[in-house]
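Heads up, the chain below is alone and in the form predicted alone; it's given as structure tokens.
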């Protein structure tokens, strides 16, 4: 009899292999056309420029206790990760359906969660040049860093990545069950860009909509990451937001796994694979 530890180890290794293979496939697909190397980095750069001009026209040089450019650079990081949540990891199964491979995916032994994670991992690698370019533009326009605790800054960055992946897990199942995930994604992205606190401090939003902001793990992650890298805040200051971010992220993962189970049921047991 094979020890259970060995079986679990094999399952983990298999899931990791699927994740890495999916990430490589995503990067290969994205780099097939040269225009992609211009399109994806250019979008966040233009958004940063627009936000910077709008705030500059109002005469603001400090936002949320940080330099204007620093506040907006970290906000762009959050907005890029949100887009990754929606259009890569969140849209993973939709991508497979659009390419006619969703049937093979559901019939294969590959973990659907590992596939979604692979899309998310691939998107992080794909957006690395974008993060670097936005950072350089921010520094050139006055962004200043003040990291007082490397632990707080590192945990804040980890919380943002975790929040992005968790939202992707939730959206992947919900999008495919809706059968029109692209329409939902297009509708939800603009308000989430505002409510996530990327361009406007959460404290400035109306109380009537802050409950939506508080329900987004990326919001809490950004509220921890931003002061950690811009104002020298330590774990004593950011700990609450970090805990909320990881806690809400865990809830999103659970919801996403339940949605994926429902997708499995519809696809395999009800014989409706062609609809998904």
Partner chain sequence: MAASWSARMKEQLVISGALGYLGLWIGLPVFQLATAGLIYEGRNPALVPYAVVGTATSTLVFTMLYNVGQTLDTERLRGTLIGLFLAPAPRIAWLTGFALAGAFETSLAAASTVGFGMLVFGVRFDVDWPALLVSLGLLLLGLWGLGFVFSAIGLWSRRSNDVSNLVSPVMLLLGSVYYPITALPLWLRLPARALPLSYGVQALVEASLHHRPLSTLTAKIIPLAGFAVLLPLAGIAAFRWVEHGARRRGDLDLY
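Everything numeric in this text was worked out from a predicted model, so none of it was measured. Residue numbers count along the first chain shown, from 1.
The form predicted together with its partner chain is left out here; the points below concern that form.
**Message:** Heavy atoms within 4.5 Å of its partner chain in the predicted bound form: which stretch in 247 to 255, 46 to 54, 234 to 242, 221 to 229 meets that?
**Reply:** Contact criterion met by 46 to 54 only.
**127, 149 and 261 all contacting its partner chain in the predicted bound form, non-hydrogen atom within 4.5 Å** = None of them does, since no heavy atom lies within 4.5 Å of the partner.
**Prompt:** Any chance residue 110 has a heavy atom within 4.5 Å of its partner chain in the predicted bound form?
**Reply:** Contact check for residue 110: no, nothing within 4.5 Å of its partner chain in the predicted bound form.
**Asked** Hey, in the predicted bound form, is residue 36 touching its partner chain, heavy atoms inside 4.5 Å?
**Response** Residue 36: yes, in contact with its partner chain in the predicted bound form.
**Item:** Exercise: residue 27 in contact with its partner chain in the predicted bound form, heavy atom 4.5 Å
**Value:** No - in the predicted bound form, heavy atoms of residue 27 and its partner chain never come within 4.5 Å of each other.
**Message:** With a cut-off of 4.5 Å between heavy atoms, is residue 142 one of the residues that contacts its partner chain in the predicted bound form?
**Reply:** Output for residue 142 is no: heavy atoms all beyond 4.5 Å of its partner chain.
**Message:** Within 4.5 Å, heavy atoms only, which of 199, 114, 121, 177 is in contact with its partner chain in the predicted bound form?
**Reply:** For this set of options, the contacting one is 199.
**Message:** Where, within 188 to 207, is there a heavy atom within 4.5 Å of its partner chain in the predicted bound form? Residue list please.
**Reply:** Contacting residues: 190, 191, 194, 199, 200, 204, 205.
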